[in-house]
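Next up: a single chain in C-alpha coordinates, the form predicted alone.
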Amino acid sequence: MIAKRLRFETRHATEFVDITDRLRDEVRRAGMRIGRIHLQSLHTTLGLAVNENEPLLLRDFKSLLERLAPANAGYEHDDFARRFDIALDEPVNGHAHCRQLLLTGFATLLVEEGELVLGQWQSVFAVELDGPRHRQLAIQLDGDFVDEAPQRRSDGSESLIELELARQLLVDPEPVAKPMRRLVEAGGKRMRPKLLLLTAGIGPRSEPVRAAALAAAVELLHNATLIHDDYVDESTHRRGRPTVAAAEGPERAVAVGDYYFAKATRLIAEIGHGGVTSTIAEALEAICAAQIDDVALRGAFPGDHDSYLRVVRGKTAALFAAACASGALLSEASPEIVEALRRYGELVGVAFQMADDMVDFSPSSGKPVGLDIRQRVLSLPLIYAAEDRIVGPEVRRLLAGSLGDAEVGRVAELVTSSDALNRVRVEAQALVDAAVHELEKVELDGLRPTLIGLAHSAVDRLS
(Lines give C-alpha, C1' and ligand atoms only; values in the text may rest on other atoms or scores of the structure.)
Protein backbone atom coordinates (compact mmCIF):
# COMPACT_ATOMS: atom_id res chain seq x y z
CA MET A 1 0.00 0.00 0.00
CA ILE A 2 1.16 3.53 -0.82
CA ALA A 3 -0.09 6.57 1.13
CA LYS A 4 0.21 10.12 -0.21
CA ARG A 5 -1.31 13.59 -0.02
CA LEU A 6 -2.74 15.43 -3.01
CA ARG A 7 -2.35 19.19 -2.51
CA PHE A 8 -3.92 21.97 -4.58
CA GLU A 9 -5.20 25.53 -4.40
CA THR A 10 -8.77 26.59 -5.09
CA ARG A 11 -9.70 30.04 -6.37
CA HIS A 12 -13.46 30.37 -5.99
CA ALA A 13 -16.01 30.12 -3.19
CA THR A 14 -17.58 27.13 -4.94
CA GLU A 15 -15.46 25.26 -7.46
CA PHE A 16 -15.35 21.83 -9.11
CA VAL A 17 -11.66 20.92 -9.41
CA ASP A 18 -11.05 18.07 -11.87
CA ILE A 19 -8.38 15.84 -10.29
CA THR A 20 -8.71 12.93 -12.75
CA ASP A 21 -5.39 13.46 -14.53
CA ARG A 22 -3.53 13.86 -11.25
CA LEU A 23 -4.96 10.56 -10.02
CA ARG A 24 -3.92 8.89 -13.26
CA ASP A 25 -0.42 10.29 -12.75
CA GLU A 26 -0.33 8.79 -9.24
CA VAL A 27 -1.31 5.37 -10.63
CA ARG A 28 1.41 5.61 -13.28
CA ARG A 29 4.10 6.74 -10.86
CA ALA A 30 3.22 4.02 -8.37
CA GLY A 31 3.25 1.33 -11.05
CA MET A 32 -0.14 0.00 -9.95
CA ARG A 33 -1.48 -2.74 -12.20
CA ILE A 34 -4.73 -3.62 -10.45
CA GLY A 35 -6.30 -2.40 -7.24
CA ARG A 36 -8.06 0.59 -5.70
CA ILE A 37 -7.42 4.25 -4.94
CA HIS A 38 -9.00 5.37 -1.70
CA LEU A 39 -9.60 9.13 -1.40
CA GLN A 40 -10.52 11.06 1.73
CA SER A 41 -11.10 14.80 2.04
CA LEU A 42 -9.21 16.33 4.96
CA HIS A 43 -11.63 19.26 5.19
CA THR A 44 -15.25 19.52 6.30
CA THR A 45 -16.00 21.98 3.50
CA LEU A 46 -14.41 20.03 0.66
CA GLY A 47 -16.38 17.20 -0.92
CA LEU A 48 -15.74 14.57 -3.58
CA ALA A 49 -17.84 13.72 -6.61
CA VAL A 50 -17.74 11.69 -9.83
CA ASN A 51 -19.65 13.24 -12.71
CA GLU A 52 -19.33 14.71 -16.19
CA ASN A 53 -16.88 17.55 -16.80
CA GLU A 54 -19.07 19.81 -18.90
CA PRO A 55 -19.07 23.56 -18.14
CA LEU A 56 -22.82 24.15 -18.29
CA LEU A 57 -23.52 21.08 -16.16
CA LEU A 58 -20.97 22.18 -13.56
CA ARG A 59 -22.73 25.56 -13.41
CA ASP A 60 -25.99 23.67 -12.82
CA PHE A 61 -24.37 21.80 -9.92
CA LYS A 62 -23.15 25.04 -8.42
CA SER A 63 -26.58 26.65 -8.75
CA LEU A 64 -28.20 23.61 -7.13
CA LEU A 65 -25.89 23.82 -4.11
CA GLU A 66 -26.54 27.54 -3.78
CA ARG A 67 -30.32 27.03 -3.88
CA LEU A 68 -30.34 24.17 -1.37
CA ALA A 69 -28.00 25.83 1.13
CA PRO A 70 -27.76 29.56 0.38
CA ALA A 71 -25.12 31.71 2.01
CA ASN A 72 -26.12 34.07 4.84
CA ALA A 73 -29.30 32.12 5.60
CA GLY A 74 -28.98 32.38 9.38
CA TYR A 75 -27.02 29.24 10.27
CA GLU A 76 -26.53 28.65 13.98
CA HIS A 77 -22.98 27.55 13.19
CA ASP A 78 -22.28 31.17 12.22
CA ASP A 79 -23.55 32.62 15.52
CA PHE A 80 -20.13 33.15 17.11
CA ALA A 81 -21.72 34.63 20.24
CA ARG A 82 -22.97 31.13 21.10
CA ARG A 83 -19.72 29.30 20.28
CA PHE A 84 -16.53 29.20 22.32
CA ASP A 85 -12.85 29.37 21.37
CA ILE A 86 -13.54 30.85 17.94
CA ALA A 87 -10.52 32.27 16.11
CA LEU A 88 -10.71 35.90 15.04
CA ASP A 89 -10.42 34.91 11.37
CA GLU A 90 -13.02 32.11 11.56
CA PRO A 91 -15.07 32.27 8.32
CA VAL A 92 -18.85 32.42 8.24
CA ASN A 93 -19.41 29.14 6.45
CA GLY A 94 -22.44 27.32 7.80
CA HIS A 95 -23.74 27.06 4.24
CA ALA A 96 -20.56 25.24 3.14
CA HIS A 97 -20.89 22.63 5.90
CA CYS A 98 -24.53 22.03 4.95
CA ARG A 99 -23.66 21.68 1.27
CA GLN A 100 -21.02 19.08 2.14
CA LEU A 101 -23.80 16.82 3.45
CA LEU A 102 -25.05 16.60 -0.14
CA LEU A 103 -21.68 15.21 -1.26
CA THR A 104 -19.25 12.73 0.26
CA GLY A 105 -15.88 13.07 1.90
CA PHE A 106 -14.75 9.63 0.71
CA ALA A 107 -14.36 7.85 -2.62
CA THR A 108 -12.89 4.58 -3.88
CA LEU A 109 -11.85 4.18 -7.50
CA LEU A 110 -10.83 1.00 -9.30
CA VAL A 111 -7.62 0.43 -11.27
CA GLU A 112 -7.36 -2.27 -13.93
CA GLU A 113 -4.44 -2.95 -16.26
CA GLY A 114 -2.68 0.14 -14.95
CA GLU A 115 -5.57 2.45 -15.83
CA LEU A 116 -8.14 4.28 -13.72
CA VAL A 117 -11.58 2.73 -14.32
CA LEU A 118 -14.01 5.49 -15.31
CA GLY A 119 -16.91 5.70 -17.71
CA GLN A 120 -16.62 7.62 -20.96
CA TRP A 121 -18.03 10.83 -19.50
CA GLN A 122 -16.83 10.49 -15.92
CA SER A 123 -14.31 12.71 -14.15
CA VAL A 124 -13.32 12.89 -10.50
CA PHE A 125 -13.85 16.21 -8.75
CA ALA A 126 -12.78 17.76 -5.49
CA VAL A 127 -15.65 20.14 -4.75
CA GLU A 128 -14.62 23.35 -2.99
CA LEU A 129 -17.44 24.78 -0.87
CA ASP A 130 -15.69 27.55 1.06
CA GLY A 131 -12.83 28.81 -1.09
CA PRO A 132 -10.43 30.00 -2.02
CA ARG A 133 -8.34 27.69 0.14
CA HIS A 134 -5.26 25.48 0.23
CA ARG A 135 -6.61 21.91 0.22
CA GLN A 136 -5.38 18.35 0.78
CA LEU A 137 -6.75 14.92 -0.03
CA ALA A 138 -5.41 11.76 1.59
CA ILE A 139 -4.75 9.04 -0.98
CA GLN A 140 -4.04 5.35 -0.47
CA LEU A 141 -3.20 3.08 -3.39
CA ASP A 142 -3.91 -0.55 -2.52
CA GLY A 143 -3.25 -3.36 -5.00
CA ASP A 144 -0.63 -5.08 -7.13
CA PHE A 145 2.37 -3.05 -8.26
CA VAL A 146 5.26 -3.54 -10.64
CA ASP A 147 8.76 -2.21 -10.11
CA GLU A 148 8.26 0.52 -12.68
CA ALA A 149 5.17 2.40 -13.80
CA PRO A 150 3.31 0.69 -16.67
CA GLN A 151 4.66 1.71 -20.05
CA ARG A 152 2.88 2.16 -23.32
CA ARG A 153 5.89 0.70 -25.09
CA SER A 154 7.71 -2.44 -24.03
CA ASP A 155 11.15 -0.83 -24.10
CA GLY A 156 10.25 1.36 -21.10
CA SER A 157 11.19 4.54 -22.97
CA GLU A 158 8.54 6.73 -21.31
CA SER A 159 9.99 6.01 -17.88
CA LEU A 160 13.38 6.96 -19.34
CA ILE A 161 12.01 10.47 -19.96
CA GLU A 162 11.04 10.91 -16.33
CA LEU A 163 14.36 9.48 -15.16
CA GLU A 164 16.28 11.76 -17.51
CA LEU A 165 14.29 14.82 -16.45
CA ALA A 166 14.94 14.00 -12.79
CA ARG A 167 18.64 13.42 -13.48
CA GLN A 168 19.06 16.71 -15.30
CA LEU A 169 17.29 18.69 -12.60
CA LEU A 170 19.35 16.96 -9.92
CA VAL A 171 22.63 18.36 -11.26
CA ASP A 172 21.39 21.93 -11.73
CA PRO A 173 21.86 24.77 -9.21
CA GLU A 174 19.00 24.63 -6.70
CA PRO A 175 17.79 28.24 -7.27
CA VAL A 176 16.87 27.34 -10.87
CA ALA A 177 16.22 23.62 -10.41
CA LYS A 178 13.64 24.03 -7.65
CA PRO A 179 11.09 26.12 -9.60
CA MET A 180 11.57 24.00 -12.73
CA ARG A 181 11.20 20.81 -10.69
CA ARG A 182 7.95 22.15 -9.24
CA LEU A 183 6.60 22.76 -12.75
CA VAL A 184 7.78 19.41 -14.14
CA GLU A 185 6.44 17.42 -11.19
CA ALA A 186 3.05 19.13 -11.51
CA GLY A 187 2.46 16.89 -14.52
CA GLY A 188 1.44 17.91 -17.99
CA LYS A 189 0.50 15.69 -20.90
CA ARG A 190 4.11 15.22 -22.12
CA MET A 191 2.76 15.24 -25.68
CA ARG A 192 5.97 16.49 -27.29
CA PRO A 193 8.35 13.95 -25.71
CA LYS A 194 5.83 11.14 -26.29
CA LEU A 195 5.68 12.02 -29.98
CA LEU A 196 9.46 12.18 -30.18
CA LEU A 197 9.89 8.78 -28.54
CA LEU A 198 7.38 7.15 -30.84
CA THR A 199 8.84 8.60 -34.02
CA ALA A 200 12.35 7.67 -32.85
CA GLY A 201 11.34 4.03 -33.24
CA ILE A 202 10.19 4.30 -36.84
CA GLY A 203 13.52 4.18 -38.73
CA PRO A 204 16.18 1.45 -38.88
CA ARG A 205 18.22 2.90 -36.00
CA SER A 206 16.52 2.66 -32.61
CA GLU A 207 18.35 4.03 -29.56
CA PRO A 208 15.87 4.46 -26.68
CA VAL A 209 18.33 6.03 -24.23
CA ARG A 210 19.51 8.60 -26.76
CA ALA A 211 15.92 9.31 -27.79
CA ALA A 212 14.87 9.74 -24.14
CA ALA A 213 17.69 12.25 -23.60
CA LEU A 214 16.48 14.25 -26.59
CA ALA A 215 12.85 13.97 -25.47
CA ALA A 216 13.75 15.25 -21.99
CA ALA A 217 15.62 18.19 -23.54
CA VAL A 218 12.56 19.06 -25.65
CA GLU A 219 10.34 18.89 -22.55
CA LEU A 220 12.71 21.22 -20.66
CA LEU A 221 12.63 23.59 -23.62
CA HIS A 222 8.83 23.52 -23.64
CA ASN A 223 8.65 24.21 -19.90
CA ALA A 224 11.09 27.10 -20.29
CA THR A 225 8.69 28.68 -22.80
CA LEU A 226 5.82 28.21 -20.32
CA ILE A 227 7.74 30.02 -17.58
CA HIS A 228 8.33 33.00 -19.86
CA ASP A 229 4.75 32.91 -21.19
CA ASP A 230 3.34 32.97 -17.67
CA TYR A 231 5.47 36.01 -16.86
CA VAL A 232 4.40 37.86 -20.02
CA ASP A 233 0.72 36.93 -19.51
CA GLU A 234 0.86 37.71 -15.76
CA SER A 235 -0.58 34.25 -15.07
CA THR A 236 -0.79 33.27 -11.41
CA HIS A 237 -1.18 29.48 -11.78
CA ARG A 238 -0.04 26.71 -14.08
CA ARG A 239 -1.13 23.05 -13.71
CA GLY A 240 -2.83 23.94 -10.46
CA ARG A 241 0.29 25.44 -8.85
CA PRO A 242 1.65 29.01 -8.61
CA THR A 243 3.73 30.06 -11.61
CA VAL A 244 7.41 30.85 -11.14
CA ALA A 245 6.71 34.55 -11.69
CA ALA A 246 3.88 34.55 -9.13
CA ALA A 247 5.76 32.50 -6.54
CA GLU A 248 9.27 33.92 -6.89
CA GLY A 249 9.03 37.12 -8.88
CA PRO A 250 9.54 38.13 -12.51
CA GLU A 251 13.35 38.34 -12.25
CA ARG A 252 13.59 34.71 -11.14
CA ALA A 253 11.12 33.64 -13.84
CA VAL A 254 13.19 35.24 -16.60
CA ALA A 255 16.42 33.76 -15.20
CA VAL A 256 14.99 30.24 -14.83
CA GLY A 257 13.50 30.31 -18.32
CA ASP A 258 16.76 31.56 -19.83
CA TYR A 259 18.78 28.94 -17.96
CA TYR A 260 16.69 26.07 -19.31
CA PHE A 261 16.62 27.49 -22.82
CA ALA A 262 20.41 27.37 -22.70
CA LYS A 263 20.59 23.97 -21.04
CA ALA A 264 18.11 22.35 -23.43
CA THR A 265 20.02 23.76 -26.39
CA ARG A 266 23.26 22.26 -25.05
CA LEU A 267 21.67 18.86 -24.45
CA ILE A 268 20.26 18.84 -27.96
CA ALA A 269 23.64 19.77 -29.45
CA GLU A 270 25.28 16.97 -27.45
CA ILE A 271 23.06 14.44 -29.22
CA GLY A 272 25.43 15.07 -32.13
CA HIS A 273 22.91 15.04 -34.99
CA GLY A 274 23.07 18.14 -37.16
CA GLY A 275 19.62 17.64 -38.66
CA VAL A 276 18.03 17.31 -35.23
CA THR A 277 19.82 20.40 -33.90
CA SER A 278 18.75 22.49 -36.90
CA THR A 279 15.15 21.26 -36.72
CA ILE A 280 14.71 22.19 -33.06
CA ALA A 281 16.62 25.47 -33.47
CA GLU A 282 14.23 26.47 -36.26
CA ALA A 283 11.30 25.63 -33.99
CA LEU A 284 12.75 27.81 -31.24
CA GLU A 285 13.10 30.70 -33.69
CA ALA A 286 9.45 30.23 -34.69
CA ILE A 287 8.36 30.20 -31.04
CA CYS A 288 10.13 33.47 -30.27
CA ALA A 289 8.88 35.18 -33.44
CA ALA A 290 5.31 34.07 -32.72
CA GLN A 291 5.53 35.38 -29.16
CA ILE A 292 6.40 38.81 -30.55
CA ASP A 293 3.45 38.59 -32.97
CA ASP A 294 1.18 37.47 -30.15
CA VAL A 295 1.97 40.48 -27.99
CA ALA A 296 1.72 42.88 -30.95
CA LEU A 297 -1.68 41.51 -32.01
CA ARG A 298 -3.21 42.13 -28.60
CA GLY A 299 -3.73 45.71 -29.71
CA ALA A 300 -6.27 44.35 -32.22
CA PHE A 301 -7.91 41.99 -29.73
CA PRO A 302 -9.59 39.55 -30.29
CA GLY A 303 -7.89 39.38 -33.70
CA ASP A 304 -8.82 37.29 -36.71
CA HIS A 305 -8.55 33.66 -37.78
CA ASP A 306 -5.48 34.09 -40.00
CA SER A 307 -3.51 35.98 -37.35
CA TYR A 308 -4.47 33.38 -34.78
CA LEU A 309 -3.20 30.52 -36.95
CA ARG A 310 0.05 32.36 -37.64
CA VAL A 311 0.73 32.71 -33.93
CA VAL A 312 -0.34 29.18 -33.02
CA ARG A 313 1.77 27.57 -35.72
CA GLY A 314 4.77 29.25 -34.17
CA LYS A 315 4.07 29.21 -30.43
CA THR A 316 2.61 25.70 -30.17
CA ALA A 317 2.71 23.68 -33.40
CA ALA A 318 6.36 24.37 -34.25
CA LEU A 319 7.67 22.32 -31.33
CA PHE A 320 5.15 19.52 -31.97
CA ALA A 321 6.36 19.34 -35.58
CA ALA A 322 10.01 19.50 -34.52
CA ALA A 323 9.53 16.70 -31.97
CA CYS A 324 8.03 14.40 -34.60
CA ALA A 325 10.63 15.22 -37.26
CA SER A 326 13.54 15.02 -34.80
CA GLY A 327 12.59 11.57 -33.59
CA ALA A 328 12.32 10.33 -37.17
CA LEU A 329 15.66 11.93 -38.08
CA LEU A 330 17.32 10.34 -35.06
CA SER A 331 16.10 6.91 -36.19
CA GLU A 332 17.41 7.55 -39.73
CA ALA A 333 13.93 7.35 -41.28
CA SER A 334 13.52 8.29 -44.93
CA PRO A 335 12.99 11.94 -45.92
CA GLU A 336 9.41 11.12 -46.96
CA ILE A 337 8.60 9.77 -43.52
CA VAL A 338 10.30 12.70 -41.77
CA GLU A 339 8.28 15.20 -43.78
CA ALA A 340 4.97 13.34 -43.29
CA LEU A 341 5.56 13.24 -39.54
CA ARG A 342 6.51 16.91 -39.48
CA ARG A 343 3.19 17.80 -41.13
CA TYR A 344 1.35 15.44 -38.77
CA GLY A 345 2.98 17.12 -35.76
CA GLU A 346 2.10 20.61 -36.95
CA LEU A 347 -1.57 19.71 -37.48
CA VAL A 348 -1.81 17.99 -34.09
CA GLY A 349 -0.11 20.99 -32.46
CA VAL A 350 -2.66 23.46 -33.84
CA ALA A 351 -5.54 21.17 -32.80
CA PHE A 352 -4.02 20.85 -29.33
CA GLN A 353 -3.91 24.65 -28.93
CA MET A 354 -7.52 24.99 -30.08
CA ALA A 355 -8.49 22.47 -27.40
CA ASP A 356 -6.50 24.46 -24.85
CA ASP A 357 -8.39 27.61 -25.85
CA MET A 358 -11.66 25.84 -25.15
CA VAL A 359 -10.45 24.65 -21.75
CA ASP A 360 -10.22 28.33 -20.72
CA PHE A 361 -14.02 28.31 -20.57
CA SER A 362 -14.17 25.28 -18.25
CA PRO A 363 -14.46 25.99 -14.50
CA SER A 364 -12.41 22.85 -13.73
CA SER A 365 -9.46 23.69 -15.98
CA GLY A 366 -6.99 24.47 -13.19
CA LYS A 367 -7.06 28.20 -13.94
CA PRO A 368 -9.70 30.90 -13.44
CA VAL A 369 -12.40 30.85 -16.12
CA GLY A 370 -11.85 33.65 -18.61
CA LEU A 371 -8.16 34.12 -17.87
CA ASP A 372 -7.41 34.39 -21.61
CA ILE A 373 -10.09 37.07 -21.89
CA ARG A 374 -8.68 39.10 -19.01
CA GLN A 375 -5.13 38.86 -20.39
CA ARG A 376 -6.27 39.57 -23.97
CA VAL A 377 -4.65 36.40 -25.28
CA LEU A 378 -5.47 35.38 -28.85
CA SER A 379 -8.20 32.76 -28.57
CA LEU A 380 -10.21 31.15 -31.35
CA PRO A 381 -13.45 30.85 -29.32
CA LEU A 382 -13.31 34.62 -28.72
CA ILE A 383 -12.64 35.32 -32.39
CA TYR A 384 -15.62 33.19 -33.43
CA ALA A 385 -17.86 34.68 -30.72
CA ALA A 386 -16.95 38.19 -31.92
CA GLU A 387 -18.03 37.14 -35.43
CA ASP A 388 -21.32 35.67 -34.22
CA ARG A 389 -24.40 37.40 -35.62
CA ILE A 390 -26.25 37.36 -32.30
CA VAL A 391 -23.66 37.80 -29.53
CA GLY A 392 -20.88 39.34 -31.64
CA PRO A 393 -21.79 43.03 -31.17
CA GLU A 394 -21.88 42.74 -27.38
CA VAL A 395 -18.67 40.69 -27.30
CA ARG A 396 -16.82 43.28 -29.38
CA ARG A 397 -18.16 46.13 -27.25
CA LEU A 398 -17.06 44.48 -24.01
CA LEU A 399 -13.61 43.53 -25.34
CA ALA A 400 -13.04 47.10 -26.49
CA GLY A 401 -13.39 48.40 -22.94
CA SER A 402 -11.82 47.67 -19.58
CA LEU A 403 -12.16 44.05 -18.54
CA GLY A 404 -13.15 43.78 -14.91
CA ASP A 405 -14.66 40.71 -13.29
CA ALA A 406 -18.17 41.52 -14.47
CA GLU A 407 -17.09 42.10 -18.07
CA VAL A 408 -14.94 38.96 -18.18
CA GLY A 409 -17.78 36.89 -16.74
CA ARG A 410 -20.25 38.28 -19.25
CA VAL A 411 -17.93 37.61 -22.21
CA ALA A 412 -17.44 34.02 -21.01
CA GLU A 413 -21.23 33.59 -20.81
CA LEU A 414 -21.65 34.94 -24.33
CA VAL A 415 -18.97 32.62 -25.71
CA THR A 416 -20.49 29.52 -24.11
CA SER A 417 -24.00 30.46 -25.20
CA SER A 418 -22.96 30.97 -28.83
CA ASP A 419 -21.85 28.47 -31.47
CA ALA A 420 -18.21 29.52 -31.02
CA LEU A 421 -17.05 26.54 -28.97
CA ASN A 422 -18.73 24.09 -31.32
CA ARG A 423 -17.03 25.74 -34.32
CA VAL A 424 -13.65 25.38 -32.63
CA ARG A 425 -14.39 21.76 -31.74
CA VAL A 426 -15.28 20.91 -35.33
CA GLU A 427 -12.20 22.70 -36.69
CA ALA A 428 -9.87 20.96 -34.22
CA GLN A 429 -11.31 17.56 -35.14
CA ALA A 430 -10.83 18.34 -38.84
CA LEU A 431 -7.16 19.07 -38.16
CA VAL A 432 -6.79 15.74 -36.37
CA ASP A 433 -8.39 13.99 -39.35
CA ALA A 434 -5.90 15.74 -41.64
CA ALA A 435 -3.03 14.67 -39.38
CA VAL A 436 -4.20 11.05 -39.52
CA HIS A 437 -4.36 11.31 -43.31
CA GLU A 438 -0.67 12.26 -43.35
CA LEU A 439 0.12 8.98 -41.59
CA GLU A 440 -1.62 7.00 -44.33
CA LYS A 441 0.93 8.11 -46.90
CA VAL A 442 3.96 6.33 -45.41
CA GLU A 443 4.95 3.04 -43.78
CA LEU A 444 5.28 3.49 -40.03
CA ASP A 445 6.39 0.05 -38.82
CA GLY A 446 3.17 -0.68 -36.92
CA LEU A 447 3.13 2.60 -34.97
CA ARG A 448 0.28 4.20 -36.90
CA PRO A 449 -2.49 3.22 -34.40
CA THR A 450 -0.55 4.71 -31.47
CA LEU A 451 0.11 7.95 -33.35
CA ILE A 452 -3.55 8.13 -34.33
CA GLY A 453 -4.53 7.67 -30.69
CA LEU A 454 -2.22 10.48 -29.61
CA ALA A 455 -3.67 12.76 -32.26
CA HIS A 456 -7.20 12.13 -31.02
CA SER A 457 -6.13 12.61 -27.41
CA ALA A 458 -5.16 16.18 -28.30
CA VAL A 459 -8.84 17.06 -28.60
CA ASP A 460 -10.59 14.30 -26.61
CA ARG A 461 -10.76 16.66 -23.60
CA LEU A 462 -13.34 18.64 -25.60
CA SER A 463 -15.93 15.85 -25.38
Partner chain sequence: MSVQVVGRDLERLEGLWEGGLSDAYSSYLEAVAGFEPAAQPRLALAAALVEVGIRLQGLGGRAAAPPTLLVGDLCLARSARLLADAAPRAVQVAFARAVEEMASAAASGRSAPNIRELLMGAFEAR
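As the structure is a computational prediction, the values presented were derived from the model and not from experiment. Numbering follows the first chain given and starts at 1.
Separately, the form predicted together with the partner chain exists; it is not shown, and the next lines address it.
Trainee: Though the partner chain is not shown, can you say which of 74, 91, 335, 272 has a heavy atom within 4.5 Å of it in the model of the complex?
Mentor: Only one listed residue qualifies here, and that residue is 272.
Trainee: Identify, from the list 103, 284, 246, 163, the residue with a heavy atom within 4.5 Å of the partner chain in the model of the complex.
Mentor: Here the answer is residue option 284.
Trainee: Since only the chain is shown here, I'm wondering whether residue 259 would be in contact with the partner chain in the model of the complex (any heavy atom pair within 4.5 Å).
Mentor: Because a heavy atom of residue 259 falls inside 4.5 Å of the partner chain in the model of the complex, the answer is yes.
Trainee: How about residue 278: is it within 4.5 Å of the partner chain in the model of the complex, going by heavy atoms?
Mentor: Because a heavy atom of residue 278 falls inside 4.5 Å of the partner chain in the model of the complex, the answer is yes.
Trainee: Classify residue 206 as contacting or not contacting the partner chain in the model of the complex by the rule of any non-hydrogen atom within 4.5 angstroms, answering yes or no.
Mentor: Residue 206 lies outside the contact set for the partner chain.
Trainee: Residue-level question: is residue 295 within 4.5 Å of the partner chain in the model of the complex, judged on heavy atoms?
Mentor: Because a heavy atom of residue 295 falls inside 4.5 Å of the partner chain in the model of the complex, the answer is yes.
Trainee: Any idea which of 175 to 183, 189 to 197, 327 to 335, 118 to 126 reaches within 4.5 Å of the partner chain in the model of the complex, heavy atoms considered?
Mentor: Stretch 175 to 183 is the one.
Trainee: Can you name the residues of 198 to 236 that have a heavy atom within 4.5 Å of the partner chain in the model of the complex?
Mentor: Contacting residues: 228, 231, 232.
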